[in-house]
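Alright, here's a single protein chain in two forms, structure 1 and structure 2, each given by itself as structure tokens.
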Structure 1
């Protein structure tokens, strides 16, 4: 698939023995998509092809073996010269996987714990075979380096998430001279301000932040809360006094037949590839799902030289063998396409908030679980605040306004 922009800072990488040109520093997944490659690995049981879906490290669809290390999320790893990539869970390789016969032999179900259970010899042999064939990849080529001790930090106000809500809060605090520490796992601040297709979307405020710092847990030691953060290959235990969570959402895989085919992607993933990587995932993109986001994505796809179709429609079925080649929708019937971009399918990332004592409840209006908070973002835990799409779907402007309101409350300038 041709790039939108000319390839610069060229380096050579290897995929299953083939040499490919890529841009140094871009996500590995983006580099492969730029070559028209959407099948990254195979599923453990049925050996169905798998390809990137969310492009944010949350779906495990783009896992590959990278330089001898299995299960690497290629959407989160930058390209380096000489990098060696291998598709996982395939025999002899990902392009022609003989074990995919499972998908045709066992069309309805296959539970290896029950299959041939009770049959002498056969059940033990089958379990051994299943253990050999299933799982995610094979062991690394080399032993992992010895882990260094965790770094312990004591901070005051911590903000997790440098998207629209987090930056809205950070800007308010900075303007009033309130000290804070901002963490984000990405390589730049902005979140969906950099990736999503949205009307009248502002540019991100360049807040000082600790980037490539991923918060993986929220715990307490002797009643004192702390964050577990991976940064620079080290674990940091960050104790805090007040915490504002603005971590947004997870992309949700929509439900329809063949929804696991490579080429079914989150709408924000498709938009992010265009806006950040300069890569159009496919010439013909079905922009389906939530109408407002779908229309904005369609305009972005067309501006990148692609063709948008089935805009705002609902998917009945995806078609294809190794990847998407067509889609059937409620309004347009069956149409040829390479990408099905699911717009609006997002689930609030409430896990950290719940671990911190916030209440999470089902929202019948939004049809998802959301974090419960008042107008200033206060939760059931008086030291924990939340803002943005953790509280339900909203525009980036609305998320920034919530971040601003939470910052006012935290700084003591609002009742």
Structure 2
């Protein structure tokens, strides 16, 4: 079984009518993976099976219908007793999906612009079929309960993201006695300090933070910037004087044949499952990609009782029909495995910074878009600072140092 530690307290949840046991409060996706379930959903056109990839709400592979609501990222939802989960977009159901035939009919890809374009009768048929097959989830069953009115707040210095960089900044500011408000969408501070396989010495500094507070937008209605934050089931509109963004990264899907098979996950997702949920996603884990992270992940997998293979190698292709059963790498040939952990998959989450007026540029060296800022994290907008992995790949120590530098600049200009 992939649980590293046995369940001490159990609740029952339901997946497509089957009863499963889980730990209350753990992410739903982790609970399902602990049961060896990797296939969560079906893709929109080809109905390929999909399973969790990023485990941080930044992809669409783990979406399910949860308690009557469509397209819910199961990696972000905590387990509650009696929860009802359903796989979506499959006919007749998530285990057997006849629409997978699309994947074989359109071997390489489906040319939706030209397929049957203007062919009499056939084009009408295509329209009808395409319409019937469109969409992922089904409209919610009921009207949503009305929410409490949104709360408008006026804060001074706001930091978004309590990972290495955000904590580095917060610690410096706290030591200097500078007031700040720190937001994080996770249940605990630490960011990758809690999830990554590499540099995991020491616990994160326990900064005071507003947790489970998800920043969903940076707006500037009437020219005044504010954050839209969902927290405790309520919307908060948070106006600020200065903003430090330390929101880190998303995971980019590495490109190789069958890269979307359930079992292909980002390195951080696999590491986070072990470290936080106590779940080893599979016995045999190919730790591929960027070498430093891959080596650290291999150690972590072994310490959790798993087997690591293809460490730091490049993937040629993944194999499997319903989920990964083997990997071919440049160095190692074809090897059996259940999980392919893509290391070095993280790329900067630049969206909020860009909305705030920062510049974003392509870095050929890092092969990703990065937020542009000076050594202190100042962006093109003088009230907006950035630090950490939003500026490109770096160790958590380097991110903390950047957070510290930005905090010094902010505190300096505040006094």
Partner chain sequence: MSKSLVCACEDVTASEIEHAMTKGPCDIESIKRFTGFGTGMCQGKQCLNAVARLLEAKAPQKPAPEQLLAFTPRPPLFPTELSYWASASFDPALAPGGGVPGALDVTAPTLRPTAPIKSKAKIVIIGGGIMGLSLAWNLTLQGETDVVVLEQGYLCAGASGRNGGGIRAQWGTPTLITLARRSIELMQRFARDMGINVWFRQGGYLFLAKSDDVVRRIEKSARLHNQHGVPTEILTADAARDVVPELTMKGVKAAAWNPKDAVIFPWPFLWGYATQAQKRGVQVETFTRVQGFELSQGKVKKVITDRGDIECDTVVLAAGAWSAEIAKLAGVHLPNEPHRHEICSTEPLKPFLGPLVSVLDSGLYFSQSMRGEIVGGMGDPREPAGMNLGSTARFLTRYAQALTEQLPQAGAVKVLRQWSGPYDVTPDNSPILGKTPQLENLLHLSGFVGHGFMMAPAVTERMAKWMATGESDELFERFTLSRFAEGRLEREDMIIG
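Please read all numbers here as calculations on a predicted model, not as lab measurements. The term rigid core refers to the maximal set of C-alpha atoms that superpose within 1.5 Å between the two forms. Residue numbers count along the first chain shown, from 1.
One chain, two forms displayed separately, with the form predicted together with its partner chain being the second of them, structure 2. Look at residue 222: with the core superposed, its C-alpha moves 2.7 Å between structure 1 and structure 2.
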